[in-house]
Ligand SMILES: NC(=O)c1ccc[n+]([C@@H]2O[C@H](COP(=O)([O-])OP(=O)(O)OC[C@H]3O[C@@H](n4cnc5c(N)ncnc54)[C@H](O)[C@@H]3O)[C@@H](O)[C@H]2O)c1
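Here you get one chain, nothing else, as structure tokens; it is the form predicted alone.
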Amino acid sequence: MKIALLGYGKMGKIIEKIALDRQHEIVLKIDYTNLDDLTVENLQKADVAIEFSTPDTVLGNIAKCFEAKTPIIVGTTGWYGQLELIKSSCEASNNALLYASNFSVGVNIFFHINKVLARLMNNYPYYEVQVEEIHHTQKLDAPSGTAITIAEGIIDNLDNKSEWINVVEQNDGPDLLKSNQLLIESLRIDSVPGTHTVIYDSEVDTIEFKHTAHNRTGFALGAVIAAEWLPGKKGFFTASDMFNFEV
């Protein structure tokens, strides 16, 4: 399979290594030094594009792939306010896009169990829930896309929560949290690839459900697996379509 890498930073280089190990070919690598090479003609040399750039460049990269009719995997976060617009554009132009806030197999298992746990906790309303996420200090967005996906999984399945609210750093919390609000607490610490914890707390005990990434390899492997899955399909997909977990 021929792959275009849109974003060739730390993640892009790990993705490249995994793709080559899996006998794929990298036919295009785009970073800030060669933006002029991001052309329809060059994209059409690839069977699929993998996009890990920045929130400022991701929408333009998606549009260029749509123009080239090149299926695209999107791992960049921080653009989800445009999600419905991109979905409509993808479907109207008969393209293929798969996005995920996190491609790690372990995280996607976490996402699934998080939803099951939230449904179960409806029976025990005396537990208060919050989400904590810790990332390296170079991370551009807060909360993380992974934390938002976790929070949305809780909100969709826990009756007493209808929206999330974010605070950055432990001592910067809201003065008063409404009962329907789910707190996402964001911490930034050097050299932490990503730790996400769902905490259910009551007067008598605390339940913690946690995923800790040791490095970026799990994210990169999942993105390559997604790139192997998407070609030949049309439409707008998420990682849940690919993993298709069942209870």
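What you are looking at is a predicted structure, and each value in this text was computed from that prediction instead of being measured. Note that residue numbering follows the sequence shown and begins at 1.
Unshown form predicted in complex with the ligand; subsequent notes refer to it.
- Checking 206-214, 180-188, 51-59, 64-72 against the ligand in the predicted bound form, the stretch whose residues place heavy atoms within 4.5 Å of it is 51-59.
- When the ligand is considered in the predicted bound form, I225 lies well away from it, no heavy atom lying within 4.5 Å.
- Taking the partner from elsewhere, S101 is found to have a heavy atom lying within 4.5 Å of the ligand in the predicted bound form.
- For the chain shown alone, P231 is not a contact residue for the ligand in the predicted bound form, no non-hydrogen atom being within 4.5 angstroms.
- Interface residue remark: K10 is counted as part of the site for the ligand in the predicted bound form, having a heavy atom within 4.5 Å.
- With respect to the ligand in the predicted bound form, the three residues L6, K139 and F219 uniformly fall within 4.5 angstroms at the level of their nearest heavy atom.
- Counting a residue when any of its non-hydrogen atoms is within 4.5 Å of the ligand in the predicted bound form, the hits in 21-35 run I30, D31, Y32, L35.
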